[in-house]
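Only one chain is shown below, in structure tokens, and it's the form predicted alone.
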Amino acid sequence: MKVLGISVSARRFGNTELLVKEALMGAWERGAEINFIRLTDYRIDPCEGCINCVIKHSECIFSDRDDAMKIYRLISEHDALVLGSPTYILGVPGILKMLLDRGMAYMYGIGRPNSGKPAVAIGVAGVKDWEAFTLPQMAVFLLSLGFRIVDQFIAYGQGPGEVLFDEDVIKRAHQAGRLIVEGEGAVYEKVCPSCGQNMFRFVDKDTVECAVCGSKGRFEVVDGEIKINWFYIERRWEDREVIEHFEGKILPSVPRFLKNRHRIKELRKKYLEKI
């Protein structure tokens, strides 16, 4: 098994990088071949929204401009992924979102070469309760590519390397790496049973929906404890659902736009002329 570790942090040998490498060491102990990269060592340009990758079933047509497709190819050459990210303003740094946006080619365009592969998400935050979107955003990145998340957690550390003082979190990272090679991974409790996230929204007075995958459950308070009884498990990120999304909702927009583009051109003239 080949396991790739990716640190999203701009800090070399900072808390994120150290925990990713600890997880890689756990995988290496179980016989895995390991590799590591820093995402900030690469150039990643914004997605231009052309959806050529979807229409043409290809990699991004701008793949020669930057390193985005190079990174995706590297990910696909491995059997598992350890993703580590710091927290910037409640969530992940923008570079990971930029890479995610360029990933439609690997969601649908060229197929899903990472489908079913195991992955670990390790988020790092400086202050507790200021990391609300970090794990959900990391989960979207991994799930959109077809990865199966076997473990995910947040560690806390501010100064570079301070996380090394927390023996429990070092052990957790090491065990996460072993899980990639050894087992099925975590069983989710008190969170969404499909994606393991705790980001919900009310769709009516007693029904909540997972914002990441769309699973639904009844919300109630029993003896002062919040409980969610899940009655619909969404498989948004499974191969069949992703393919259906693109083929049923995205691709049909192309002929519709081509049919209406001359009318749109006329209607938008006033914006071009006045502003």
Ligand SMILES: Cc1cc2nc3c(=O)[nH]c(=O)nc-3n(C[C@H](O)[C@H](O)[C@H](O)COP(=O)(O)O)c2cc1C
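Note that residue numbering begins at 1 and tracks the sequence as displayed. The shown structure was predicted, so the numbers you read here are calculated from the model rather than taken from an experiment.
Missing here is the form predicted together with the named molecule; even so, the following discussion is about that form.
A.B. asks: Using a 4.5 Å cut on heavy atoms, which of G103, G157, G146, G109 is close to the named molecule in the predicted complex?
C.D. replies: Here the answer is residue option G157.
A.B. asks: Between the options M98, L90, L74, V191, which residue brings a heavy atom to within 4.5 Å of the named molecule in the predicted complex?
C.D. replies: If I apply the 4.5 Å criterion carefully, the residue I get is L90.
A.B. asks: Heavy atoms within 4.5 Å of the named molecule in the predicted complex: does G126 have any?
C.D. replies: Yes.
A.B. asks: Can F153 be called a contact residue for the named molecule in the predicted complex at 4.5 Å between heavy atoms?
C.D. replies: F153: no contact with the named molecule in the predicted complex.
A.B. asks: Quick one: does F133 come within 4.5 Å of the named molecule in the predicted complex, counting heavy atoms only?
C.D. replies: It does not: once the named molecule is placed as it appears in the predicted complex, F133 has no heavy atom within 4.5 Å of it.
A.B. asks: 197-205, 174-182, 81-89, 110-118: which one contacts the named molecule in the predicted complex at 4.5 Å, heavy atom to heavy atom?
C.D. replies: Within 4.5 Å of the partner lies stretch 81-89.
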